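One chain follows as structure tokens, the form predicted on its own.
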């Protein structure tokens, strides 16, 4: 019980920074400059990782790398990442309209511990930060334990389910299967099992029902959402999980020894599991979108998976989840 309460508090803190106001971005304001050095994580990461600012007052940062090319990005905002070059200071100016914590991070992968390159800008004003906390993430509302093993390694499909084929087969699917609330709270395998009991689809073959499941998933996204999800995946996830979602990204492989056993993480001494393969049907088809979003927001404790709750907006987390299903389902969104 205590662990669950603690987990809820942690997640509420993580998502409390969502809904940040617009930022003004300018180059060349030289007053009150804060120098921020970047280095590879094993050399310290952001050597200035805690910055204070005032609402409405320009914050001028001078960014410089001490080794390789890094970048400076600001979570939950429209701020475009800025490259941080070795030995070449780059000045940026940020003006915040509202108080609160703002997380900055690096988007240039420089090693397996790249994701540790995060810092915080704490913005204060005349009025204290008093925004209402958002609703808890869906996985907490549903009581999902995202650390509980859910995979079914016996689940192997003969072919990849097709949303296009399912669009014809699923025309008589009851409307409750197509709602966003239903989609986000059920795993594909749960939906497949329930569709077998529905008169309109009960006569279909097992593979045909999987096609209908793929179609149900396709109804809850679109090409714009998938495009943003893919961009986030390729930028922040592919280095570990692989460009093709096979779990064999260039930095993910560094965490696993030659015999397949986890390495010890040099940062804290804990072992790290291999990155999840999103091509693994036993893993993915037994996971609900709510569970996947929870792992993105909170991170996978003990797996090396970082928390993205202070980086992504809620919409971005759902778009990324939508994209992950493309490694399992042939999509038909246009």
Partner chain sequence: MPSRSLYFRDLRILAAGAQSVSGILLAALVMAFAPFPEPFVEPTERTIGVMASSFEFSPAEISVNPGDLVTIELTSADVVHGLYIDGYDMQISADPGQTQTLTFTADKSGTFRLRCSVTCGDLHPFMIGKLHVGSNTLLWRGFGLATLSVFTLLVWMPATFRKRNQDTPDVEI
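Positions refer to the first chain, counted from 1. Nothing here was measured: the structure is a model prediction, and the numbers come from that model.
Form predicted in complex with the partner chain: not shown, discussed below.
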query	finding
Heavy atom within 4.5 Å of the partner chain in the model of the complex - the one residue of 101, 174, 86, 134 that qualifies	86
Interface residue in the model of the complex among 79, 183, 192, 251, criterion: non-hydrogen atom within 4.5 angstroms of the partner chain	251
Close approach of residue 109 to the partner chain in the model of the complex, 4.5 Å, heavy atom	yes
4.5 angstroms heavy atom contact with the partner chain in the model of the complex for residue 57	no
Partner contact for residue 34 in the model of the complex: the partner chain, 4.5 angstroms, heavy atom	no
Proximity of residue 47 to the partner chain in the model of the complex, heavy atoms at 4.5 Å	no
Among 66-74, 283-291, 305-313, 49-57, the region lying within 4.5 Å of the partner chain in the model of the complex by heavy atom distance	66-74
Residues from 207-243 in contact with the partner chain (non-hydrogen atom within 4.5 Å) in the model of the complex	234, 235, 238, 239, 243
